[in-house]
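Just the one chain here, laid out as structure tokens, in the form predicted alone.
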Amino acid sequence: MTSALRNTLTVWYALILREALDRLFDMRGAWFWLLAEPAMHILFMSFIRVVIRMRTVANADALMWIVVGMLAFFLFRRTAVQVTHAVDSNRAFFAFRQVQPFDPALARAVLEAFLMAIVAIIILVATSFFDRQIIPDDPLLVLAAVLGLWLFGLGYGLVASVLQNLIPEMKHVLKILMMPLYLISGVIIPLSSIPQPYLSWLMYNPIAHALELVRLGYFEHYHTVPGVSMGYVYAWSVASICLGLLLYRRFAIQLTMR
């Protein structure tokens, strides 16, 4: 192993530990809130489904449809948000030449994936007590879709990080953007219930493709919308990451000296 690679891995390891301590112990009950946010969303939407007596969604169990979709979306959202603010929260470390702006972004993305995996396991195990099947019918499809969603969250965060550092007003736009994404990605509204031509417009959104693929992997007989593509998800993921890295390289001085 070359010294440059060893130094990079050491930096990543140190940043992940630092981010973990900050994320989990920066305030009282930090662990609780990591779990409580997705859990409260799931409980609220499950209650709504119970009130309107909806047992299935597109031939999938309604409760598991909500759980799976929300956990997948929260993986994207938390990764995107944490990466977006990685530079601002770690600017002091750029005084060390070994630390580059991309390093804390990657560290935050990896940590968020780990934390969301723990949260997902806890919520799924809790769901199993309601006599629900929590093991997906196609685990590989679920993992591939989740990985694509995580990579897109990383790419989104990289691009958003540069934009909000160059244009401070973009912070408000990016905050507002998450709510429409929550609504138009099929998290709480089945895409199969959206009429044309609006459905075709919504399917330009790669998050919608990823969530449908996650649910398709969970439910063997799930009636997904036509045109869902794993390649489309990964194309957006790779393109956003490449664009983010190019922006990081182009504006490295502005990011570290601001």
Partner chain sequence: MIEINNVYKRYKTKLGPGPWVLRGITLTIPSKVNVGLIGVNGAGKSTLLRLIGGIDHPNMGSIKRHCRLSWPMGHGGVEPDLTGRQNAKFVCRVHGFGHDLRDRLAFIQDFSELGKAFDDPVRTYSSGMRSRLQFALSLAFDFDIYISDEVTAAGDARFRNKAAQAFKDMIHRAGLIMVAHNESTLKQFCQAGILLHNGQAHWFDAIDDALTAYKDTYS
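Positions refer to the first chain, counted from 1. Remember, predicted model here, so these are calculated numbers, not experimental data.
As for the form predicted together with its partner chain, it is not shown, yet the points below apply to it.
For the marked spot (T10, L21 and Q254), a heavy atom within 4.5 Å of its partner chain in the predicted complex is present in each of the three residues.
Of the residues given (V142, V99, L106, A113), V99 alone sits with a heavy atom within 4.5 Å of its partner chain in the predicted complex. None of 91 to 99, 121 to 129, 150 to 158, 168 to 176 except one has non-hydrogen atoms within 4.5 angstroms of its partner chain in the predicted complex; the exception is 91 to 99. Contact check for A235: no non-hydrogen atom falls within 4.5 Å of its partner chain in the predicted complex. Among residues of the shown chain, A14 is one whose heavy atoms approach its partner chain to within 4.5 Å in the predicted complex. In the predicted complex, not one residue of 211 to 231 has a heavy atom within 4.5 Å of its partner chain.
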